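Next up is one chain by itself, shown in structure tokens, the form predicted alone.
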């Protein structure tokens, strides 16, 4: 008996995690992306594995998702995080932060200034209080590649540098496959499957438009700046409502300051705005003053796939949603997963795989919480059998 076929568009965090989940459930999985693994937003994230503390006051749904999912053995650095207050506005926010973390079951430990400075000597010496939380950091490419490698070891196929040029619709207007352009050899062909999963993040609207439908996605880029010294071992968060440049975190032998929030018209050309780069230096130095004496390694951006059509980028929830377009638009064969964060990629994949199984009347449980990931190095060592 042949396996049910699923085509996943997008080899970012959500796409490769969904491939991993569906491969374990016995599906014939093919992942298609116009570039390499994690070539879009996923490859440009700052790498913070959230405890949920950032969202505990005003976005509790996202906070709970984060604290339930922020352990991925083998591919993270569980270095912990600090939320630090350096002025009275931060202190005033502290009460709401404590209440929010308690409501979301996020463990916190209050530290006195001298305790925080002992942990992180480069902190602003005027720190008034700090709270320790179970944050972590990750290398974006290694995280994505570990999921992809594990999916591939279980039979998933990857067609990279292969751009989707259209969806294939049957006589009833339902999606039965995709039209692609293999950019490595200029070959154009078609792929057919039982379900097509749209996991293209900020670009999901471009795929759903091929079927004549819309999703409430709000692409919101932000600029980050890396500096060439590892000035902290903890993820440092400003104890206040989320804002520009209020996170400094370690990445290998660097620190990264992020991020800003703005809007663009062209998702394939997002500028790294010089004023935003300068702002990251200023805001980062409020948390770690020694940043001013550190060389900038580079500036880059990523585009968040936020759900919702109203409000500003900072006010939109960081939760995720899976759309079965048969239910939402009367078009069968197409599922879209978007929103969320890198921290919640496994849960996003589980939800998507559950929807696919339900659509195809297949009973197969999720096992991704128990199955360890293999090394990211294995991705290019494994065959890509067709």
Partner chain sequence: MSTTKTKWTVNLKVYRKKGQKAPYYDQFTMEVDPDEYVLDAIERIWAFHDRSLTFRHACHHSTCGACGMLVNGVEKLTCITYIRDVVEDGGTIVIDPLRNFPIISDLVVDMSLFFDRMEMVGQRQVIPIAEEIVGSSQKAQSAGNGKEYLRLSDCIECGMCISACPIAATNPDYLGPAVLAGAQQSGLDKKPELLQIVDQENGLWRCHSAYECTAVCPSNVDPAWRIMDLRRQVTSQRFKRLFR
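As the structure is a prediction and not an experimental result, all values here were calculated from the model. Residue numbers count along the first chain shown, from 1.
Beyond the structure shown, there is the form predicted in complex with the partner chain, which is absent from this document and is the topic of what follows.
Stretch-level contact analysis of 212 to 220, 181 to 189, 236 to 244, 283 to 291 against the partner chain in the model of the complex, using heavy atoms and a 4.5 Å limit, identifies 181 to 189. Although the partner is absent from the chain shown here, 34, 139 and 272 each have a heavy atom within 4.5 Å of the partner chain in the model of the complex. For the residues 163, 194, 96, 90, the 4.5 Å heavy atom test against the partner chain in the model of the complex is passed only by 163. The closest non-hydrogen atom of residue 129 lies beyond 4.5 Å of the partner chain in the model of the complex.
Contact annotation for residue 377: at least one heavy atom lies within 4.5 Å of the partner chain in the model of the complex.
Among residues of the shown chain, residue 279 is not one whose heavy atoms approach the partner chain to within 4.5 Å in the model of the complex. By the criterion of a heavy atom within 4.5 Å, residue 256 is counted among the residues contacting the partner chain in the model of the complex.
Applying a 4.5 Å heavy atom cutoff to the partner chain in the model of the complex picks out 296, 297 from 281 to 297, in order along the sequence.
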